[in-house]
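Just the one chain here, laid out as structure tokens, in the form predicted alone.
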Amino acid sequence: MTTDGTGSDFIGYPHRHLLGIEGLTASEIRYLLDLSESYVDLNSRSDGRDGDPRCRLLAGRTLVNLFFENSTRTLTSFELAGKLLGAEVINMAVATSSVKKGETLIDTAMTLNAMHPDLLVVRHDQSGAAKLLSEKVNCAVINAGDGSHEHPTQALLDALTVRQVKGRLEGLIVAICGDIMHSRVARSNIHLLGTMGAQVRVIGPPTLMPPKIERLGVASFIDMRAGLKDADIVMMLRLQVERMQGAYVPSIREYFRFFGLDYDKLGEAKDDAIIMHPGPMNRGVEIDSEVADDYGRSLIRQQVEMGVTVRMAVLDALTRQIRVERKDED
């Protein structure tokens, strides 16, 4: 397997786009994680990156970040990942674009397509938006979050973070806690972790639990202590207030009492259980500040760091596929 990040045309991820984790095989996920591992050193290097051939991997290619929702970690990490690999990176300011003048998503796609970008990263508040764009443009499309559907690169970076600490994914007990109903992060992680052999539990109030969630191969709990029992990984989620229509919890205070992570509830998990959160965190709502800042057990900072690494790998993998497709056309 080629995982050296030097631009080999070996295809371990034979797809033009990355629209979700659902449907990917274990070997395809493992390939992306292995490729991500090869970029850890490039991302963390502090002695300069000049001379590393990977920094020219995307030279001459254009990466467009098209974000219809606000983002800090995801947008910045895609921008940095593209620049580290030598791409020309364009961040489209949707707030000042023609979208605000009434242009449809399809019209935006046609406009972008006429500019011939190589890679398009899309975040949108509607589920299915990234897939729709992928059907209208010629470039590779990466889903950076679409509504309550999926966020594939977040699941990949979470998996990479876990694998670096625990050495594996198979057999681990992972408890995903909070607003499961509205969380695209939860859905992508459920698909990835289940495919890779982890045991996944979801924990939350009945009002924030999707109906028939067990069909995805998870065990569901409305009692946080029971759900955290002997867990290896505790993954907290924020309340997606912007996607809620109506009141899903009686009060923030009561929500934290029953579903906020503090040391008392964490005591139900294994002694070496690690804590994760995709961000942004609402301290005192879904997680206690002291727990979030427990650098012996919290991997929240490492998740951010792995975000750049994973996104470099995804850009690399899709660019390899582009090269192969163009060779076939020739």
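Numbering starts at 1 and follows the sequence shown. These figures come from a predicted structure and were not determined experimentally.
Unshown form predicted in complex with N-carbamoyl-L-aspartate; subsequent notes refer to it.
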Checklist entry - With the cut-off set at 4.5 Å between non-hydrogen atoms, does residue 131 touch N-carbamoyl-L-aspartate in the model of the complex? => result no
Next on the checklist: Residue-level contact is defined here as any heavy atom of the residue lying within 4.5 Å of N-carbamoyl-L-aspartate in the model of the complex; does residue 240 satisfy this criterion?
Outcome noted: yes
Checklist entry - Is the gap between residue 73 and N-carbamoyl-L-aspartate in the model of the complex 4.5 Å or less for some heavy atom pair? => result yes
Item to check | residue 185 within 4.5 Å of N-carbamoyl-L-aspartate in the model of the complex, heavy atoms | outcome: yes
Checklist outcome for this item: The one residue among 267, 53, 284, 279 placing a heavy atom within 4.5 Å of N-carbamoyl-L-aspartate in the model of the complex is 279
Next on the checklist: Using a 4.5 Å heavy atom cut-off, which of 211 to 219, 177 to 185, 105 to 113, 162 to 170 contacts N-carbamoyl-L-aspartate in the model of the complex?
Outcome noted: 177 to 185
Checklist entry - From first to last in sequence, which residues of 146 to 172 have any non-hydrogen atom within 4.5 angstroms of N-carbamoyl-L-aspartate in the model of the complex? => result 151, 154
